[in-house]
Every structure is written in C-alpha cells, then in structure tokens.
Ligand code: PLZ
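Below you will find one chain, with nothing else, as structure tokens; this is the form predicted alone, and questions on how it binds or moves follow later.
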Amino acid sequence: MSAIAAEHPDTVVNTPLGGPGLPQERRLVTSIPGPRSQELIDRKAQAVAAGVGHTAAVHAVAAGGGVIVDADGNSLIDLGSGIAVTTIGNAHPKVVAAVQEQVAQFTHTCFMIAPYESYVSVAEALNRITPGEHAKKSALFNSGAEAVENAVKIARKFTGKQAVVAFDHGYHGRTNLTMALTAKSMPYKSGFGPFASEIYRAPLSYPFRDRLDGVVAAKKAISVIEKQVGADNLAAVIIEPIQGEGGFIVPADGFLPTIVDWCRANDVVFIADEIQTGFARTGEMFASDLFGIVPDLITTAKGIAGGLPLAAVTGRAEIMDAAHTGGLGGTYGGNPIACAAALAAIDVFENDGMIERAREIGAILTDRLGALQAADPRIGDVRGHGAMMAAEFVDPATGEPDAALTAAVAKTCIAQGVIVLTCGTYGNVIRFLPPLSIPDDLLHEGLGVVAAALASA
C-alpha cells in the first residue's frame, strides 16, 4: 500500500479495475496549483520548451482508479485518462506486473536486430481482435502519428498512387505529414509549414451542424474527392470513425459505410484512425464495429498498452506486405516493455469486462449530460458512445460556438479538482474520457462539479 493510501485507509479501493490502491476521493488541501506544484511549474518554465503546454496546473505523483494525486496532496477526479490512454486505469496491477517482469529480463534489443516473442504476440492479438475476419498482419511503432505516417506509406506502396484524403475536423498528429492531414491550424499547424504534399480534404458528416442524412453527406464528400483528386490518383482515405480533437463528432448513420463502399469500388485503401476510439473506449472494442465497417488498415495507439508508448498499423495481409523488407520499422518500435504492457492490457480489455464497463459509463454520461442539456440551452449538443462523450457549447441565440464559455467551465472544474479536456475545431467542446476504472460515485461527483461550473459561468 502506498503512503498516500495508508493515510486514508477507509477509502482505499483495490478491485480488478484497481490501480495502486489510492483513495477514490476528490480532495483539495490547497488551491490549484498548490505551492509544490507551482514550484515545479516554475521549473518547467525555465527548463522545458514553451511550446509544450499543460492543461492542469498540477504535478502528478500518483494516479489510479479515477483520481490523480498531485505534489501537494490534492486528489483530482480524472475525466481525461491522459487523453484516452489510461483506459483500464493508471498503473493497472496486471500491467505493472508484466512491465516489472520484462524490465528485469531485458529492456531493448531492437526488434529489427534480435526479434522477441512479445512483439509477435502483440501482432497476433491485434490481427485477431481488430475488425474483419480476413488475413491480417501488423507492424508496431511508438506513437499514433508514427502509425498514421506508416499507414500512408503502406497504402501508397500498395496502390502505386500518391494522393491521400482526410476530412474536415480531423486530427491525425503533429509530425509533418500528420499535420498536413490534421484540419485544425492552432495550435497544431500554425507556423510549422510547408507541409507534405498530395494531401486533400473532404467534408465530414457533422449532424449537429449540417443536418444531413449520412448517405447524402457521404455523396457530397465523394463528389469533392472525385472532382478535386480523382480516384485514379488516390491511394487512401483516412478518417477517425468518431472524431477526437475535432470535437467527438459522430457521423450520421450511413456516412462511413458509403465511404467504405466507394473506396472498395475504386481501389482506394480505407484507413480507420482508431488511435483515440480504440480498445473498448466507445463500448465496442473498436469504433468501426459501431458502424459496421471493416477498414483495410487500422491505426491504434493510446489505450493499447496501459500508458506505455506503443502504436500499431494492422490491416489486410496483402496490403501490409506491400512494403519491401526494411521499409517499415524503427529503433524503438515495439519495445519489449511496451509489448509486455500491451499484452497485459489486451488481456484486461478482453477478459475483465471493459467493454461492458464502457457502456455503463456511457449510460451515466448520457443521462447526466442529457439532463444538463435539457436544462441549459448553452449546451447545443451531447454526443458520443461509451466512455467517449462530449458536450458542445453554443450561444443559445445564434447556435454559434462559444469557446469562451467552454474555457471558463473547464478552468473552474480544474480549480475545483476535476480534470476535464476541451476540444473541437472551434474550441467549444468539453470531452469526457474517464478511465474505465473510475467508481460510479466519483464519476457522478465529477459531473456534478461540471454542472456547477456551468451554472456559475
């Protein structure tokens, strides 16, 4: 038991959803930031590049269940999961045990030099659990952006074509190619160009704003693609089944299947970017399953390894095998410690009720946020699936995005000990990504703080 847990023995939890046995409570012993966190923030300002920001003015010393404990002893409710990374909870016991065992054996050989079984086991697991019953292969990388870059490389090699289409509001990373794919300028792209060429953008289905039927919206996007790019030049279409940073936009029914059918008919590789939506987050193992689509390639990261850096591209074997030997890889890709963590995390996702838990959390979020929306016209839309929900804030008179209100609500929540994340092309969305290990009472308490912050804004 940790020292923090020992100080609060009546509130310690250590369930299969566990964590390090931290008290599952919101506890503010100082203002946010406290003096120790402020000291570390000051040191960060002196030592860390200014471009690396932070959402909450705290410095974490422990996390688990549904809380993050800071250097001043404050315990904050975590409704962000490190941007959907600690889906099974922070420091899950199975992940901790797997990492400790692996780090004592070896930390690195480079899989391209001296391969090891855990990399192969992760690839086998991904080939099995990702959508579709066709023959698949996988390659492992370090980050979501790296996975996206490699998916594009593979698609271009397989098709012999160069153009790639991404969608309005999409987010795919911060590297040069993935910045080109990302729709939002600030803070991701502004001043960092020129960007990779042969990247094009199509309109997304955004039901709250375009009010279009999904098939109609898809045909509109396809018309843009055919006129501006041409199927004969198009290697791949890439899309998040539910947009992440773009505002948790859920496309209207029929949109994604229509796009997939067009890709199949025109020899275009369909890439599902499931970096944020993957691994039980939406109440299915992958969001593609919600829409009944089977991607040619799927990119994963975030929740894959319980907090350790790992990413993957998984897809049809004939597409994945298009790259020549040595064309894929990287020094750290599929690091053995991260692979050990991933195997443990995948075991938890499959066998410890994570999909069902995401659905339970989704029901709570839908009920509470729906009630808020009914009572307050400043919430224009509530959307999402499972433990990936969002509220879009608007001017009730015009329906225009209200970024100032969104920022004010988020700031108040953090000051009151609840970590929430904003997103959206217009900066007017609060996203809810609680770890699946969060207790119901703590989730309800956190949502109560959000409601109070909105009422006071």
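No experiment lies behind these values; they were computed from the predicted model shown. Heads up: residue numbers just count along the shown sequence, starting at 1.
The same protein has a further form, the form predicted in complex with the named molecule, not shown here; the description that follows concerns it.
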ask   = Among 252-260, 123-131, 137-145, 108-116, which stretch sits within 4.5 Å of the named molecule in the predicted bound form, heavy atoms only?
value = 137-145
task = Would you check, heavy atoms only and a 4.5 Å threshold, whether residue 83 touches the named molecule in the predicted bound form?
result = yes
Interface membership of residue 206, the named molecule in the predicted bound form, 4.5 Å heavy atom rule = no
query = Might residue 297 be said to contact the named molecule in the predicted bound form, defining contact as any heavy atom within 4.5 Å?
reply = no
task = Considering only heavy atoms, tell me if residue 240 and the named molecule come within 4.5 Å of each other in the predicted bound form.
result = yes
message = By the heavy atom within 4.5 Å rule, which residue out of 333, 283, 173, 384 makes contact with the named molecule in the predicted bound form?
response = 173
request  = Let me know the one among 184, 357, 302, 161 whose heavy atoms come within 4.5 Å of the named molecule in the predicted bound form, would you?
outcome  = 302
ask   = What residues of 260-276, in sequence order, lie within 4.5 Å of the named molecule in the predicted bound form by heavy atom?
value = 273, 275, 276
